[in-house]
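First comes one chain, alone, set out as structure tokens in the form predicted on its own.
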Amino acid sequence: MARITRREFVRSSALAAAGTMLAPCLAGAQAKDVPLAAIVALTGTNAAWGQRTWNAFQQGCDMVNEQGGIKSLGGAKLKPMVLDTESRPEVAGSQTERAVQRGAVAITGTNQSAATIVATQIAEREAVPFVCATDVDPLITSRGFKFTFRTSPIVESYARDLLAYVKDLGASTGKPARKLAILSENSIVGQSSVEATRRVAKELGYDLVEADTYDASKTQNFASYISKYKGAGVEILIGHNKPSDAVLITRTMKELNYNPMAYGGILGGHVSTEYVNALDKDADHVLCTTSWSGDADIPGLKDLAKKYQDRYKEHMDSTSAGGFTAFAVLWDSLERAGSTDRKRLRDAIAATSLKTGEKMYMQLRGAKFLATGENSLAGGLVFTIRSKEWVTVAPKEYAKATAAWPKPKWGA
């Protein structure tokens, strides 16, 4: 998506959301099936994230159906549907309209903040609950919407987690790192990651040397960026990138023998299985932030992760964990609402009080929503990569190890 300002995006997406009038909503208090929609990217640049969210969401529905369905609805079966955003915000809007027309009583998505901003405008207009578990742009829940909920922290929280941990490492070892650069894609959330990191860097006393965004649809060579950072003596490089971009950036760093003291991702591609599988040992010691990790002490995690791997022949990652998390909120709320009426379901979601591990809720610290739709319990963690595994290093309550400091040089 070409670079636009956040104000221009909000204005254009609002116009798009107002463009179509839909047929009356379908709601039955005792529906035989309960249609739930996942609006995610199955194609395009965000497909890796969208497919995993859908995999987990679909598996969650199937597991509940196998256990007898929604008990408060007399055993009604969940009927998951998936609609492809093609990684395009405008398509996410039309697919949200289609989901509503097909009777979806609630929606999750989209693994792309720009697409979620549009989709939630449609859902709000049609009074359909929307639960997002992985999108981190603050705009999603800052518009006064009543039907939009988010389980994860916002992007600034992730940036603070990462930079605070790097500062702690420097202080504890007597080897501080101060010169910081940011390299993010120019998506809506990529731009937000730069803005948020600027604020956090100033707060924590870093020297921000560079803050760059690039066109994710066109950029295939990151040598000019990496050469610039190396020449400027940048000691910490972080950003929000798609999996393929994160892989290319890391490979370029190795090729140009650029060895910062710390390198990592603010959510994004660095927490994907694509990243670790593509890079193998070259992903070691990279730092990442997310709201889930495979080594966290979450009740039921090991069993659920095994079932996911058996079904999809791949490891569960933070994106698939997000699919289970959004599903958990909807499952729990349907049971408490005892109805598929969208307003009653919305009220049940607003009253959610879930602990991590309950009903397949995988993100840390649980869920309890504020009036804005933000999760008052949301929290992230930092992990390092070792031998294609994510190892939690912060906060202390979840830490399993301490990251290497400074980051070892390539091949060391």
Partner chain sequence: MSARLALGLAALAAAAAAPLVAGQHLLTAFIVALHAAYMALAWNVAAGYAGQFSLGHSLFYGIGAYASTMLYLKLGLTPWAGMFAGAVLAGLVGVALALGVYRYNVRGIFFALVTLGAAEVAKGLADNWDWIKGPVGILLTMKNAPGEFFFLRREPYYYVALAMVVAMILISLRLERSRLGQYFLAVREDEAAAEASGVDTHRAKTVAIGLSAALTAFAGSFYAQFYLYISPDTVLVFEPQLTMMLGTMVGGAGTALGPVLGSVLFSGLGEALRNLPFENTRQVVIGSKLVYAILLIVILIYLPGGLITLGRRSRRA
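Under this definition, the rigid core comprises the largest set of C-alpha atoms superposing within 1.5 Å between the forms. Residue numbers count along the first chain shown, from 1. Note that this is a predicted model, so its numbers are computed, not measured.
Not on display, but discussed next: the form predicted in complex with its partner chain.
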In the model of the complex, which of the listed residues (139, 208, 278, 301) lies with a heavy atom within 4.5 Å of its partner chain?
139
Using a 4.5 Å heavy atom cut-off, which residue among 145, 258, 263, 222 comes into contact with its partner chain in the model of the complex?
145
With the partner left out here, if you bring back its partner chain in the model of the complex, are 102, 126 and 213 all within 4.5 Å of it by some heavy atom?
yes
Mind telling me which stretch in 344-352, 359-367, 377-385, 48-56 gets its heavy atoms within 4.5 Å of its partner chain in the model of the complex?
48-56
Is residue 78 part of the interface with its partner chain in the model of the complex - any heavy atom within 4.5 Å?
no
Within a 4.5 Å heavy atom cut-off, is residue 313 in contact with its partner chain in the model of the complex?
no
Heavy atom to heavy atom, is residue 273 within 4.5 Å of its partner chain in the model of the complex?
no
Hey, in the model of the complex, is residue 188 touching its partner chain, heavy atoms inside 4.5 Å?
yes
Looking at its partner chain in the model of the complex, which residues in 308-329 have at least one heavy atom within 4.5 Å of it?
none
After the core is matched up, is the C-alpha of residue 72 off by 2 Å or more between the shown form and the other one?
no
With both forms fitted on the core, give yes or no for whether the Cα of residue 312 moves by 2 angstroms or more between the shown form and the other one.
no
